[in-house]
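Okay, so here's just one chain, in C-alpha cells, the form predicted alone.
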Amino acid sequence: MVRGASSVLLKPKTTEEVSAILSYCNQHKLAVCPQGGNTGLVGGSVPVFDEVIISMALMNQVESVDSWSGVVVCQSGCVLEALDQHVAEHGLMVPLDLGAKGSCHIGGNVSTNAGGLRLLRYGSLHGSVLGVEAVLASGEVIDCLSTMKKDNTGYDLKHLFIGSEGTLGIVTKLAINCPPRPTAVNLAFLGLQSFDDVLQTFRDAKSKLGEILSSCEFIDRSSLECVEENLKLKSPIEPHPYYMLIETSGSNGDHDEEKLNTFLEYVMTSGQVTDGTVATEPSRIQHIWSLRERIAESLIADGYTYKYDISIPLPHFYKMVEDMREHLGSSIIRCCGYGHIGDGNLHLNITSKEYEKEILSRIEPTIFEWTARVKGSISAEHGLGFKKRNYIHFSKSDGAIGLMKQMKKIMDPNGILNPYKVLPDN
C-alpha cells in the first residue's frame, strides 16, 4: 500500500554528519526522509516522492552504560534486540520489547513512541527516555541528553521529539533508564470462554500479582488459528474462544511462583479460566510467546493484510472486532484481534486474498469513526505516518492540530523534515 523510491540514500555515522546533511538540504530546500529499521506500519519511514533518505543504520554505537543508575546512552541506530543484549551484561534490560526487536532501531522506537509487550509494567518511552540529542532542520544540534532521573529545569524539550516521527527533528542519541533484569520469569497461557472473563481475569491479575505482573496479552481464536494453520505452531491447550498470556518477572522465583499459583487457583476455581498451562523454562516460554509474536507473520500467508493499531476503552475492546467482522461479512478471509489488554491496545487485522480498494473503502473511515465514538485513539503505538495523517481529527481537536502545525512551522519553516507525514493536508 505504501511504496517509496529515492535517488539518494545517505548513511551518516555521527551527529555532525547528520547536522551537515540537514544544513545543506535546508539551504537548498531538499526534503528528507529519516529511516530506522523500516518496520513501521503507517508509511512513516517511506519517501513519498523523491525525498533524500537518511538511514540511521550506521549510527549503532552504545556510548556508555551506568550500572549504578541503570542508564544507557546510545546512538539512535542501535537495533533494539542488540541493545538489550548489551545492557544484559550489566544486569539490566531495555524497558521495551517488540515483535520486530531483531530489526527495529531504538531511535525509530522513540520517534514513534512505540509501546510493546511490557508497557503495563514499565510505562511508555515518555517515562523511560531521560534525554535525547536531536538535529533540527537547520542543522542545529539540540543537546537535551540528560542522564538524570530528575531534571526540572525549564521546558522538557525531549518530549517534542518522542513520538513526532522525525517531523520536528532527527533523533541521533538517547539516554534510557533501564530497569534491573529479572532473574525469575513465569508465563501462563490461559483459555477463556467469554470476553467478560478476559476483563475480570485482567483485573484479578493486577490485584493478585501486583508488582510482579510484567505483561498481559490477549489473543482471539481466529488469531491463534492463523498461527496454527499457516505456521504449523501448536497451542499447548485445547481450543478456546479467547486466550491470555500473563507474564510475571521478579527476583525471587519461589515468591513469584507462589503468587502466580494462588492467582491461577482463584481464576480457575471461579470459572473465569477453563484451561491453562504455566512455563518457567526459557525454551517453553519462547515457544508460547511465539504464538503471540508471530501472528503478524502468519497473517501474510492469507494474502493481503489490512493492519490497524488502535486504543480502545476495555469495555468496548473486542466489540470492535465483532462489529468489523459483521460489517465486512464474506468479502474477507479473516478478521481477528489480539494485543495488549493491559493498556487497551488492540491490533485488528483483516485479510483478503489480495489487496482490494473496495474492501479498504469499507474499512476506512468506518474503523476510525467507530474508535472516535468510544473515545479511543486511532493510533496506539505506531504513529500516524503517511497512512493515518488525514484521520488525525478523529483523535485530536482542531485546536490541538493547529498548535502542532504552528510548532512544525517554527522548528521546520521550510518543511523539509519527513513531509506528508503526521500532520493532515488541511
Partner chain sequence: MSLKVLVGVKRVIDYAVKIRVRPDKLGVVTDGVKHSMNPFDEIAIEEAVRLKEKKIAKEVIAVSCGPAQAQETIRTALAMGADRGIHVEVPAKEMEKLEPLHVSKILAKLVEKEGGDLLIVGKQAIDDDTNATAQMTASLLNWPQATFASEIKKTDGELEVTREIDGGLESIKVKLPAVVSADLRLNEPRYATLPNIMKAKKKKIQKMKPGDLSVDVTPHLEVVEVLDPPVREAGIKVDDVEGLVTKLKEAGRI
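Since the model is a prediction, treat every value here as computed from it, not as a measurement. Positions refer to the first chain, counted from 1.
From this point on, the text means the form predicted together with the partner chain, which you will not see here.
Figure note: of the listed segments 304-312, 145-153, 286-294, 90-98, the one touching the partner chain in the predicted bound form, with heavy atoms no more than 4.5 Å away, is 286-294. In the predicted bound form, D275 approaches the partner chain with a heavy atom inside 4.5 Å.
Although the partner is absent from this view, A82 stays clear of the partner chain in the predicted bound form, with no non-hydrogen atom inside 4.5 angstroms. Using a 4.5 angstroms limit between non-hydrogen atoms, P236 touches the partner chain in the predicted bound form. In the predicted bound form, at least one heavy atom of M268 sits within 4.5 Å of a heavy atom of the partner chain. Listed residues L299, V72, I170, L190 were compared with the partner chain in the predicted bound form; L190 is the one with a heavy atom within 4.5 Å.
Listed residues S194, S331, T280, S103 were compared with the partner chain in the predicted bound form; T280 is the one with a heavy atom within 4.5 Å.
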